[in-house]
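In the block that follows, a single chain appears as structure tokens, in the form predicted alone.
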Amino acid sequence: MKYEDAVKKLSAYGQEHVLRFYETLDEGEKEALLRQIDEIDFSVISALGNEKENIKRGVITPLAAMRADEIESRKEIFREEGLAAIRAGKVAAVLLAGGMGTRLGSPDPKGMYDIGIHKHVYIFQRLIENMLDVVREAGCFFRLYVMTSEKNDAKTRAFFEEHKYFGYDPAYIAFFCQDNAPTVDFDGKVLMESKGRISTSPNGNGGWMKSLERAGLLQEMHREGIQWLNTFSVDNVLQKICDPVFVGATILSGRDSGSKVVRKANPEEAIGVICSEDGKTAVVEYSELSEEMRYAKDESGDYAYYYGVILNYLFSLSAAEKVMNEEMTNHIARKKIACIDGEGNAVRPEVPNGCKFELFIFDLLKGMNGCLPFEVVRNREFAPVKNKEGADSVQTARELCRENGIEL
């Protein structure tokens, strides 16, 4: 991008101050700043003006899941349908691995964390081992797209290469970097990290489709005939990926998506629940559930808002593309953001001073033609590694792995 083009783009969004220190930069810094301006989508800033409308919730009602007993009774039908789709190359996996292991006390990407006791067992390794179970069952590899971030991209790629991709065929693995969104002050003015760099932050777990598109990978998927994407988080070491039974059940349901869900351990468990909002599938965060909703029961005596999402979704590629281009909402988080002031001095705020913009993956569900909530047994498929100690910790994940016969 040329300087004149940068001025034109910034002027369209009222952000000319980004170039305030341009003439003080060396040639490399100038080039880097112009490249960053070219890559950033400043239109997200308009979400500030629409915030009240965006956070307004509709009418929330319970949504029944396909229960584990029904799945068990139809398992072989679902399995054959799913295996046929995998063998035909119609199914791919998308691993959301942009996070760091900070809460685990690690400076590395979260997927590099070692949960082993008597030997090395890395989170990435566990996920690949789960995928290889399906590879053996189907008799073929399927595509894996790994979303990294600016902070962990190089380390993640090197780690996979160092460990020979844990036995997965590298020809079927592609890495891509998560997009960033600009951070702004409360007046909507872009914050500067330094005189030659705009302050940015990852655009949330719902930004994966846009990031795939920018990396040119959606075009590759269409060329290869991929129709379904199993998108999953990095931290659940027991989850089944491209699970043929889940894939088959979703396809046979005629819906655009499926979501693996677990029964909540208790009404107070801090987990988002799948539900219906104005007749469309949605996820309500634990903090949004009223006391009455948490303890409400259905006709069978079960809790009405019973099924928690575990961030393991199956999306129709065509439906996800449509929603990505038409209906995604930018959510706003007010944070303490390190930056520089108008004089170029460093600012280390003690209270929130700006906004970050995030897309949430479950917002894709609202724009789709239905979602199948698919119940899995939590102690077989839900072992998140979110904390170093306590609930959803390294220790609880280790115990669940041992319970499922996984050697650590």
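Quick caveat: nothing in here was measured; it's all calculated off a predicted structure. Quick note: we count residues from 1 along the sequence shown, nothing fancier.
Keep in mind the form predicted together with a small molecule is missing from the figure; the text below concerns it.
Candidate site formed by T102, N203 and K386: every one of these residues places a non-hydrogen atom within 4.5 angstroms of the small molecule in the model of the complex. Between the options T156, N312, Q178, N330, the residue in contact with the small molecule in the model of the complex by a heavy atom within 4.5 angstroms is Q178. The single contact residue among M147, A249, M131, V190, judged by any heavy atom lying within 4.5 Å of the small molecule in the model of the complex, is M147. The small molecule in the model of the complex is not approached by R126, whose heavy atoms all lie more than 4.5 angstroms from it. Proximity of S276 to the small molecule in the model of the complex: non-hydrogen atoms within 4.5 Å are absent; the residue sits far from the partner. By the criterion of a heavy atom within 4.5 Å, K260 is excluded from the residues contacting the small molecule in the model of the complex. Under a 4.5 angstroms non-hydrogen atom cutoff, the small molecule in the model of the complex has G98 among its neighbouring residues. Only one segment in the set 131-139, 102-110, 192-200, 315-323 has any non-hydrogen atom within 4.5 angstroms of the small molecule in the model of the complex, and it is 102-110.
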